[in-house]
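Heads up, the chain below is alone and in the form predicted on its own; it's given as structure tokens.
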């Protein structure tokens, strides 16, 4: 049993998981320390408030609010868990986007721009097809595919610049990010999709549940066309939350990406180009095509994340994006780092990041703390994830030292002549 556990520990995959868990634990501990320090600096929080903040940092997703006595209550919080799954959906796909590019030797910092282009294409298609001209499911499917295609096209641009002009993909991605922000703003500024029905929604685009139809001979948007991702029964398990079948679609896509990268010839070629582009070309692999294809796949995944988020039917897009980029795109980077670019690991790291988002809201709602404390936790986790190789090296130090000692003993044993050997040698000399 001991040898089995030791062999399991020596596996590189085990060390990767342990490095990620150490990063998570360190982030949570630092978050708890920040909670304590902030609480000590503010007399209005008090000892009980500090204790509540620490507990929410580590197990906030299980808090159901405050009881009549004022104490925090705990249990199955269906609404919080459902919202966590909903928020994890785009993070899974942007995390996959960054992970796929990293697997092929590229750093896709362009996920925010790809996400924005996917958002624009999805909403334009979903809101432009007149209500009743085709079944709602086909409108949803067309909008989803449009989002994927727009993201893929936008991702292919820095891929092509890298492949044919050897322009660094990071610089190209930063450029395309801000181009996307301005293009999306301009398109929606010129469109009639801005929500003017609800007076308090200035600057927002209609939800996809609104449909374009004729009223008194004029085209207008009315609520009720029903273009939204099916709940697939999840609303029964998590009542009162925003969750829908998008989380299941994202998980299926993650499994598909894992199969693509580890079980197919294309996946092997993509990783070979990432490992050594010139060696891959010498082996007959079309390196330029695969670099462009890699970034297109990454962009398509970001676009899919945007499509699933905005097709939920209960979210509203603020169209003026020229001064900001979507956090979901950038958050794909820590998700991929924490998962060590493993597509299945991305699902779990995205769930963790989404949980931190919910915990931040609970800190604000249930205590006197600010939700941005969770940003400190994420920052620490990202920082340590970037040093995951160093952490794995430290974890391997003891086992490598043991192995070195064992090898040294073996060498000594081989060099030291045995009694039998000495006797045989003496006989031969005689």
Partner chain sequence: MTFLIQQTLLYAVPLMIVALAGVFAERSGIINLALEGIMIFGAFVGVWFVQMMQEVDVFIIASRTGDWMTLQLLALAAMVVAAILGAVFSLLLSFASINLKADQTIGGTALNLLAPALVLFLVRMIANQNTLRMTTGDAASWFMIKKSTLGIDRNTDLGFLGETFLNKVYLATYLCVIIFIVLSIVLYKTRFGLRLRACGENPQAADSLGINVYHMRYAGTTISGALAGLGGFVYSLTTANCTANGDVAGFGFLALAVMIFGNWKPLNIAMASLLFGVFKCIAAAYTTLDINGDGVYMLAEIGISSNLYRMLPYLVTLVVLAFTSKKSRAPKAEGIPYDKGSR
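Numbering follows the first chain given and starts at 1. Model, not experiment: these values are computed from the prediction. In this text, the rigid core denotes the largest set of C-alpha atoms whose superposition between the two forms falls within 1.5 Å.
This next part talks about the form predicted in complex with its partner chain, which is not shown.
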Any chance residue 179 has a heavy atom within 4.5 Å of its partner chain in the predicted bound form? yes
Contact label in the predicted bound form: residue 71 to its partner chain, heavy atom within 4.5 Å: no
Check whether residue 42 has any heavy atom within 4.5 Å of a heavy atom of its partner chain in the predicted bound form, and answer yes or no. yes
Please determine whether residue 361 contacts its partner chain in the predicted bound form, using a 4.5 Å cut-off between heavy atoms. no
Which single stretch, out of 203 to 211, 164 to 172, 294 to 302, 250 to 258, brings residue heavy atoms within 4.5 Å of its partner chain in the predicted bound form? 164 to 172
Within 4.5 Å of its partner chain in the predicted bound form, do 82, 120 and 237 each have at least one heavy atom? no
Tell me, out of 128, 191, 185, 262, which residue has a non-hydrogen atom within 4.5 angstroms of its partner chain in the predicted bound form. 185
Of the residues 376, 54, 62, 26, which one places a heavy atom within 4.5 Å of its partner chain in the predicted bound form? 376
Select from 322 to 336 the residues with a non-hydrogen atom within 4.5 Å of its partner chain in the predicted bound form and write them out in sequence order. 322, 323, 333, 334
Quick one: core overlaid, is residue 45 moving 2 Å or more at the Cα between this form and the one not shown? yes
